[in-house]
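The data below hold one chain only, encoded as structure tokens and taken in the form predicted alone.
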């Protein structure tokens, strides 16, 4: 077999991915909908319609708030848990094994579980916390915070495991030298461990921030974007246009605009990661 034939499956896969992507982009310049099965070219009308819709900008703001809050909380808690688990105690090893449990549950199932726990009538949270039957976790004022809480519960272990792997791969020599010099734990954490850990933390931030911008499943199960439009993210807006309203071109436009946002954000975060890796290499030298 000639060596170049080994790349054929990968090439076919890339062609399949690009074909679906550009076919979706092609939909954005048509007026394709269930009520219009013979679409025609409409230029940028769909972009004007979506960008001129106040609900799109509200959904974009909700998505950004969700991504920043969830990623920030998961990063802080994940780093704290990783530092605790880095100690080789029996309790630490036990929690390290239990930490992966939320990641083994599909977000849809996690959403169903938390929706039952949030129920003000028979949910376990109100009973345990003594909040009574009138405290509604999914009310208009609390729904977004509750969906962020569920995201934190599911994905904080992912950040913790990634950061813990980073901590255990750090070189020991700089810490041993600082210990001989009598440096405190906090000094070594701030001046040695944290600079060398930044690349690992940033990788976790990039993964989580990208995922949060595309959040759909758990939020839709918990609130379906409500009450009203309180928790309507860009993904839910695209779902409602494409599946609920059967306006395929407008839904594709939603998704393409979201892809542009994710692409620009990812490029920026990757450039920040590159700088952090160069600084970490200098700190560990």
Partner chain sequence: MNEFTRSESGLHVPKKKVARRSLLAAMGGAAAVPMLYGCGVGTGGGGGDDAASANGAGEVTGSFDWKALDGESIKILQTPHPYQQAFQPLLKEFTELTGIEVQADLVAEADYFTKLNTELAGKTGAHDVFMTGAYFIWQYGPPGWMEDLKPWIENSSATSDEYDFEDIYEGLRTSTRWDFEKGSELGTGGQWTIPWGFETNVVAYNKKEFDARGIALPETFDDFIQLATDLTDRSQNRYGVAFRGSKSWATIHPGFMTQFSREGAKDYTAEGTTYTAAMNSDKAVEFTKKWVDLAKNAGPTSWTTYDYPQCTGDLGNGNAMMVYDADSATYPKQKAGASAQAGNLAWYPGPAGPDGSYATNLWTWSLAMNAASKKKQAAWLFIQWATGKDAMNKATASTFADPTRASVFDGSFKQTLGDFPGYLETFEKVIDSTKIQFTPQTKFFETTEDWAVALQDIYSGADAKSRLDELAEANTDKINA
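Positions refer to the first chain, counted from 1. Predicted model, so just to flag it, every value in this text is computed and none were measured.
Keep in mind the form predicted in complex with the partner chain is missing from the figure; the text below concerns it.
Shown alone, this chain has one stretch from 253-261, 60-68, 44-52, 216-224 that lies within 4.5 Å of the partner chain in the model of the complex by heavy atoms: 216-224. Although the partner is absent here, residue 140 sits close enough that one of its heavy atoms falls within 4.5 Å of the partner chain in the model of the complex.
Among heavy atoms of residue 115, some come within 4.5 Å of the partner chain in the model of the complex. The closest heavy atom approach of residue 30 to the partner chain in the model of the complex falls outside 4.5 Å. Interface membership of residue 184, defined by any non-hydrogen atom within 4.5 Å of the partner chain in the model of the complex, is ruled out. Residues of 121-146 placing a heavy atom within 4.5 Å of the partner chain in the model of the complex, in sequence order: 121, 122, 133, 134, 135, 136, 138, 140.
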